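Shown below, as structure tokens, is a lone chain in the form predicted alone; questions about how it binds or moves come after it.
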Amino acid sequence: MWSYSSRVHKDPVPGAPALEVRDLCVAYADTRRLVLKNVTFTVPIGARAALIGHNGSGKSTLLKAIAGLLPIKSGSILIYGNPPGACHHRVAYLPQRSDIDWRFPITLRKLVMTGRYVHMGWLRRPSRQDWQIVDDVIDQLGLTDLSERQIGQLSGGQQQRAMLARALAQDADLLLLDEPLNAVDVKTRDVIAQVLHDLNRRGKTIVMATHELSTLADEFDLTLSLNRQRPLTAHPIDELERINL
């Protein structure tokens, strides 16, 4: 269900940005067709980057490649100056809700605890501090009353908040969020927006795939525009009107 394994921790390279992608090409595993071609961009530490583009443009593929979940065909990805996987605890990836098996027999609280595994490994039992971190982020997402509920019994918005709580429990520096606001209720949208604001105030870096173009100016510092007709480019938010998706 989740993919982080052994603890591999390298220190950030001094002066390196949070994320640097150069000439990245990624192909589907069963074909030679490129999903991403010659993608190049940089995200500074503490920035909020909106990843935008039409369905099928490769947003999910790009986030998975950055998270180290997909092999790359060519090019490079550097996270705080290190390749993907060099420091698992520094990167938290939140997939789309449809990618999760919600029939899995686990409670919300235990689901969020899986976000701590990258720090403690799979064999060590959670400490009192681990549980405190989990309970704190569950409360932050407004899910305390649902802690012992099986994840399949949660509403769509509650499931989305539970996934974000898991990412927060990891206490990562770079968060990769794949459409966290897709098809959620107003309460969930407001809670997630506040959490992302708080993360930004703490200096966390956020790369979020989104279709919510109307809120970009309020919630992001730059856009990463994916278009199959040209390479990905990074734009300051005040240039958004000149972006032709």
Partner chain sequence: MNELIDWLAAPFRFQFMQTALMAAVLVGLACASIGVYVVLRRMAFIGDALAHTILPGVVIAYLNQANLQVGALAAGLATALGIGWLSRRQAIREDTAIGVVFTGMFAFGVLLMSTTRSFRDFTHILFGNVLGVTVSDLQMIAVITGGVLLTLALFHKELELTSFDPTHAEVIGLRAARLRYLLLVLLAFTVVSSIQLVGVVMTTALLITPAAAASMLTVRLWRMMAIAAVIAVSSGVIGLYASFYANVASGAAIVLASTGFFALAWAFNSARHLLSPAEPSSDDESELELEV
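These figures come from a predicted structure and were not determined experimentally. Numbering follows the first chain given and starts at 1.
Here the subject shifts to the form predicted in complex with its partner chain, a form of this protein not shown in this document.
- Only one of 34, 192, 47, 69 comes within 4.5 Å of its partner chain in the predicted complex through a heavy atom, and that residue is 69.
- A residue is said to contact a partner when one of its heavy atoms sits within 4.5 Å of a partner heavy atom; residue 201 fails this definition for its partner chain in the predicted complex, lying far away.
- Taking the partner from the other structure, its partner chain in the predicted complex has a heavy atom within 4.5 Å of a heavy atom of residue 110.
- Taking non-hydrogen atoms only, residue 96 never approaches its partner chain to within 4.5 angstroms in the predicted complex.
- Residue 78 falls outside the set of residues with a heavy atom inside 4.5 Å of its partner chain in the predicted complex.
- Against its partner chain in the predicted complex, the set 141, 197 and 222 makes no contact: no member has a heavy atom within 4.5 Å.
- Within 4.5 angstroms of its partner chain in the predicted complex, the stretch 159 to 190 places a non-hydrogen atom from each of 161, 166, 170, 183, 184, 185, 186, 187, 189, taken in sequence order.
- Relative to the displayed conformation, the Cα-Cα distance from residue 99 to residue 52 grows by 3 Å or more in the predicted complex.
- Relative to this form, in the predicted complex the C-alpha atoms of residue 98 and residue 93 approach one another by 3 angstroms or more.
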